[in-house]
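The chain below stands alone and is given in structure tokens; this is the form predicted on its own.
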Amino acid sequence: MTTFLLRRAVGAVWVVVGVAVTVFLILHLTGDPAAVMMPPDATTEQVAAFRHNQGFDRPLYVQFGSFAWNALRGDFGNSLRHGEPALGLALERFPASFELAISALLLAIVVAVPIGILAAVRRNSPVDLAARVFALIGQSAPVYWMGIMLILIFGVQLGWFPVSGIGGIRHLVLPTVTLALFTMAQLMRLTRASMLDVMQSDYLRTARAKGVAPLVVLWKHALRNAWLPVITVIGTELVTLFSQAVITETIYSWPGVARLAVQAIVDRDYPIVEVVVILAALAFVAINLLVDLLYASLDPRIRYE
């Protein structure tokens, strides 16, 4: 286990380094931020002074070396737009995005997994057909369209929920449902497919032949083995929901880090974009490591040498 953790830790470091290099190069190849940050009537001297103060007039490798050294100390520089530390701004918006992503993931799990199991058990029944139709709609309907429809129906027409801003539980309902629909459909299809595959296994037929109760066969034998691919998707979806939250946060004016990152890309606010992408990479490798460790508890056949 120790060797496995060390190997994964080294791999995680290289992943984060690769992400940092990639995002740095891509951002600096998009153009000069002075063209966006400075007013249209700025003089050539003012633009040159801005580039010098921000260090954009230095060679690219010098800029990256300075960025990497400061990032290791937790200093990603100040936001070009807000004039505040980029890391502080991202962490300030992170709780709102985390709240939305966790709510969406929990809703997707609570709804999709039981329905996926039921659809597999009652294959080709009306329940199975309804689940497949819902999964098809959930994965094909654009997120922005679903969000607008939910706003028009439940926010404007019925007036049940607020349509913008952050607040109590009622403010969270519509953004959560909008963000959860795609993940819900994906988990539903995966759970159904995984359960169908496991239910055709020889050991389940043997258990039934020995007279084991159907519920015991389902919950103790089938579901335990069908969980592995589902757990993998659930782990990665938590990070994916942060990237998918861009449209949802924009539609509902949700003050999250995804919305901050989109505005930073438009403004060419390099420090904000860099810190958000690197934090997302750190979260991704951490969650993947956690999922790998969960495998051993779910499947005793898995051992980390």
Partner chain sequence: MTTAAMPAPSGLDERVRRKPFLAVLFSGFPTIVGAALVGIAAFFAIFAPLIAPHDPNLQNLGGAFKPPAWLAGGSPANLLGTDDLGRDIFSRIVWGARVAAIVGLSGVAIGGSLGVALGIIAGYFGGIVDDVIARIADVQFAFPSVLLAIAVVGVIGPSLTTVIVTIGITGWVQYVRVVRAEALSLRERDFVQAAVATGASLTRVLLWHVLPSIGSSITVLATFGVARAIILESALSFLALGVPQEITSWGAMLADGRQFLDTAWWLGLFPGLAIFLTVLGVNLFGDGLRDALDPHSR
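Numbering follows the first chain given and starts at 1. None of these values were measured; they are calculated from a predicted model. Take the two forms, find the largest set of C-alpha atoms that superpose within 1.5 Å, and that set is the rigid core.
Beyond the structure shown, there is the form predicted in complex with its partner chain, which is absent from this document and is the topic of what follows.
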* **Segment assignment from 169 to 177, 148 to 156, 68 to 76, 105 to 113: heavy atom within 4.5 Å of its partner chain in the predicted complex** => 148 to 156
* With a 4.5 Å heavy atom cut-off, would you call residue 250 a contact of its partner chain in the predicted complex? -> yes
* To do: Although its partner chain is absent from this view, report whether residue 136 comes within 4.5 Å of it in the predicted complex, heavy atoms only.
  => yes
* Taking the shortest heavy atom distance, is residue 60 within 4.5 Å of its partner chain in the predicted complex? -> no
* residue 49 near its partner chain in the predicted complex, any heavy atom under 4.5 Å? -> no
* Let me know which residues along 245 to 271 have a heavy atom within 4.5 Å of its partner chain in the predicted complex, or say none if there are none. => 246, 247, 250, 251, 261, 262, 265, 268
* Asked: residue 239: with the rigid core matched between the shown form and the other one, does its Cα shift 2 Å or more?
  -> yes
